[in-house]
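Below you will find one chain, with nothing else, as structure tokens; this is the form predicted on its own, and questions on how it binds or moves follow later.
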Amino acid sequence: MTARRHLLGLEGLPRTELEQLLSRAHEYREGRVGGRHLSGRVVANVFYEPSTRTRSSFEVAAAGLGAHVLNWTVTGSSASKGETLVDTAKNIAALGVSVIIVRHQHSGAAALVARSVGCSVINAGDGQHEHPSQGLLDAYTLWRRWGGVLENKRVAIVGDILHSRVARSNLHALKALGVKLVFCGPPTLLPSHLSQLGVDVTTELDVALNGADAVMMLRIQKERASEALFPSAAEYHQRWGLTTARAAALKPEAVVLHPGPVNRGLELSPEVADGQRSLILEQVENGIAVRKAVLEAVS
């Protein structure tokens, strides 16, 4: 597997490297590879934003590779006293940390940390930029479901595209892997440049779902929106939510994904979130194997 010092985003990663990461994750997922590749090393989770799945997944993955895990949050830290991100990162690195996993509300924060410290850095989500390990685990979840074949599959990504770093990482990964992408959402939540990136764009959900092999519903990110971008939650669910009726009309083998947390009754009907098409919990489970592969690649 190709070694790299950091993983800051998926944009520009060659298809061969993406496939190597997916294959290595599959070896971890299927128990074909063991070993404590990070034995004696320290991995630091440095999270300026709340997280359940990503932080816990990285913690389990790092511990599974034999690392000691340092969990850092803003609450109770010197950041609450005004310490800068760079100073915090430098002090954590000075503890002998091998890998810093950083989540921050500002785009470019992970790259700033990578330029400031001597250890490896993994971006766990920076503003509206990217969330590379989520993009990889989404790609792996589909790769595993489809027997390692992603070429020419059709995936609809629906919802708050404008604010979604998950959508951006999935765009870069899935497009590079040969997936046909269609993005859908309210006009106010669709970036104007999307059509220039070689993907289909529509505001009509039924159009996006037509022929889809997979549907990825995105969370409405109320914390990143400074104004009302659609009339009401009820109208959003009616026009852009994956209802039970819409899910029933999908291709028989089509699957449903969501990076979480799910706003039930807004992006997804509860019956769809918990139904047979749903791979939501499988995404969480697969995240451990993917993050083991990522940690190994940067270490």
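Owing to the predicted nature of the structure, the values given are computational and were not obtained by experimental measurement. The numbering used is simple: start at 1 and walk along the sequence shown.
FYI, the form predicted in complex with phosphoric acid mono(formamide)ester isn't displayed, but the following is about it.
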State the residue from His172, His131, His163, His104 whose non-hydrogen atoms include one within 4.5 Å of phosphoric acid mono(formamide)ester in the model of the complex. His131
Between Ser232, Gln238, Thr52, Ser39, only one gets a heavy atom within 4.5 angstroms of phosphoric acid mono(formamide)ester in the model of the complex; which residue is that? Thr52
Within 4.5 Å, heavy atoms only: does Gly260 come near phosphoric acid mono(formamide)ester in the model of the complex? yes
Note: phosphoric acid mono(formamide)ester not shown here; in the model of the complex, the stretch from 64-72, 270-278, 252-260, 23-31 having heavy atoms within 4.5 Å of it is 252-260
Out of 182-208, which residues reach within 4.5 Å of phosphoric acid mono(formamide)ester in the model of the complex, heavy atoms considered? none
